[in-house]
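Here we start with a single chain on its own, the form predicted alone, put down as structure tokens.
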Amino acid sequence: MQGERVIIRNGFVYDPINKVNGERMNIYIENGKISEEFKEEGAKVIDATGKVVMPGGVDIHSHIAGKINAARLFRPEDHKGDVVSKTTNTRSGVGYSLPSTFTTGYRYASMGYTTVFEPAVTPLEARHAHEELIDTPIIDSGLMVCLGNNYFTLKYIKEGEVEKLKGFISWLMKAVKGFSVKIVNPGGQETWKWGKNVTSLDDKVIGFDVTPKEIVTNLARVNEELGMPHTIHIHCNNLGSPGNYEITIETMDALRNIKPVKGRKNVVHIAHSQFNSYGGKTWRDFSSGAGEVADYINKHSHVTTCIGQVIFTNTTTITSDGPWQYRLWLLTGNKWTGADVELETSGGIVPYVFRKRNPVNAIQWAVGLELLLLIRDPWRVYLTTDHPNGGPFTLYPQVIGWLMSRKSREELLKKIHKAASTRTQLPGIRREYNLEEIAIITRAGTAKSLGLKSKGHLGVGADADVAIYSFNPEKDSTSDYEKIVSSFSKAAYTLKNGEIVVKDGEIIGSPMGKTFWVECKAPQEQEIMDDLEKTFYNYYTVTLTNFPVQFDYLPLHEPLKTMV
């Protein structure tokens, strides 16, 4: 239980934020927090001898609430092959690429993850997304709110009313209990309402006469002036298209001179950059553009990114990028559904299978690993699959294995389409990650990027979220792919707020997680209320009074203050 005193004894501790790199030491827990050393008498002792101890995993980008529920309805076939039976400690559940809420919490905890952020929620869907988070046990969470095509965003940018834009975002974050600003295909979704898209940063958005460049630069500037804990989080234009590495670099460069809030260097997070790091002009000459993207990030400190690594598996693509999902349907012939959420965003769902012998898929797999291996600073590049788009989050251990074992990458390259060897740099990359770097890209770096001071480390005062893995760095080879995958697939122990919730990969406790949201305040907030009331009255299906999410939907929550 959370009030217990716990000692984790004699483990190999990897805590990069506190510069602890594999030292044998004890971790002390009291009242759900990491504490100073105390006497063993009366404490629960966990023997971690010969095991790795890390902070609980922090996933910066995983679709676990909101539109994923529509995908669950859309793909009953995803459930049939993966049915989880009820146990004395767990509820039943279903879903391979689209696990149900309880199953999602259990599977993350089994891997040693304790915090997961939903990266794309439309404001109108926030209430339901919060309901799903309530229903997802163990993990703490938060919602990133889609604003790159929102009517009020476009209106205030068009009118040059940056202060009103600031007031709108301040009001909205409190209204929907959101965590950060998400931008998906800036301007493209609004243009999609007319059956069109934007393909450059200088295209004009139909009806507003603003450009994608103006959208991202204005939102970045406002985000930093408000002092939001996390930077803007961008799904770039032209996702999934040959040659899109160029617009990705152009987007990052457009934000190079934005002044960051005091306390950080970054002003933008590029989401699932694997899907936006492609070379070539057509599908025939499709190739990797990862080298160019990695080179830009290596030379500029204002960018962080997560990867969206592709796994060879049957999965489901879900995104707020409606134009891309329509195009993917045309490319695959798989079933498709699309949606337009009033004045806020679009979206779509298409099932997809990543195949080893498909040249494009093979290159996509290599591109993600190239980015992870070519970006030199692990504090600015993070492990994700853009769950479920590149593959289920449950396959993270495979990616960890490929990063740590060059031999495993070489063996897989021999089995997949030769395009991965001839049109990417992956075969020539010798780098292998160590355990410290794995701890950074899966917990320390992500927590720091999100601005979560209580997560991602094991210093005194941190939340007592701890993962213990059956991997002995003195005996087990860090190039042993099978051992790495098995160790990181099922944690020996996972502790959530000091409570043991997983033992030997099995769930033994299921507490409710908390929701992070940001409480910001802009002086101009009241000035926009007339605009809001008129627009809601004329165009929305709900009234302004009924729009905000009540705290009943956040039974456990932690509001974060802004950095200014």
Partner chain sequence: MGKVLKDVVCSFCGCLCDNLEIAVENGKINPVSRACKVSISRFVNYNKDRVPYPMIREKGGLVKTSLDEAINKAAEILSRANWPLIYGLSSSVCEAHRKCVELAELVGGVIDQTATVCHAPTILAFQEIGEIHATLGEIKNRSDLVIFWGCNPLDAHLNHFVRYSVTPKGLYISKGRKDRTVVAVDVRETRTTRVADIFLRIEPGKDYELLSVLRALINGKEIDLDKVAGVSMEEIRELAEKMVNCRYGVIFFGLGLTMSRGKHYNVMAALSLVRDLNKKTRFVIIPMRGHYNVKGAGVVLGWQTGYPFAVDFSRGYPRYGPGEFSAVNLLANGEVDAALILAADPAANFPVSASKHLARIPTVVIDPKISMTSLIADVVIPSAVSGIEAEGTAYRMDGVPIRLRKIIDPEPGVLADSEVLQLIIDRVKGVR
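Residue numbers count along the first chain shown, from 1. Worth saying up front: this structure is predicted, and the values here are computed from it rather than measured.
Heads up, the form predicted together with the partner chain isn't pictured, but that's what we're talking about next.
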Should the three residues Tyr433, Lys475 and Gly509 be counted as contacting the partner chain in the predicted bound form, with contact defined as a heavy atom within 4.5 Å for each? no
Considering non-hydrogen atoms and a 4.5 Å limit, which listed residue (Lys86, Lys259, Lys415, Lys299) is close to the partner chain in the predicted bound form? Lys86
Could you work out which of Ala339, Ala175, Ala254, Val162 is the residue within 4.5 angstroms of the partner chain in the predicted bound form, going by heavy atoms? Ala339
Applying a 4.5 Å heavy atom distance criterion, does Ala70 contact the partner chain in the predicted bound form? yes
Report yes if any heavy atom of Leu330 sits within 4.5 Å of a heavy atom of the partner chain in the predicted bound form; otherwise report no. yes
If you check in the predicted bound form, is Leu426 within 4.5 Å of the partner chain, heavy atoms only? no
Contact between Asp135 and the partner chain in the predicted bound form at 4.5 Å, heavy atoms? yes
Within 4.5 Å of the partner chain in the predicted bound form by heavy atoms, the stretch out of 487-495, 376-384, 88-96, 280-288 is 88-96
Can you name the residues of 434-454 that have a non-hydrogen atom within 4.5 angstroms of the partner chain in the predicted bound form? none
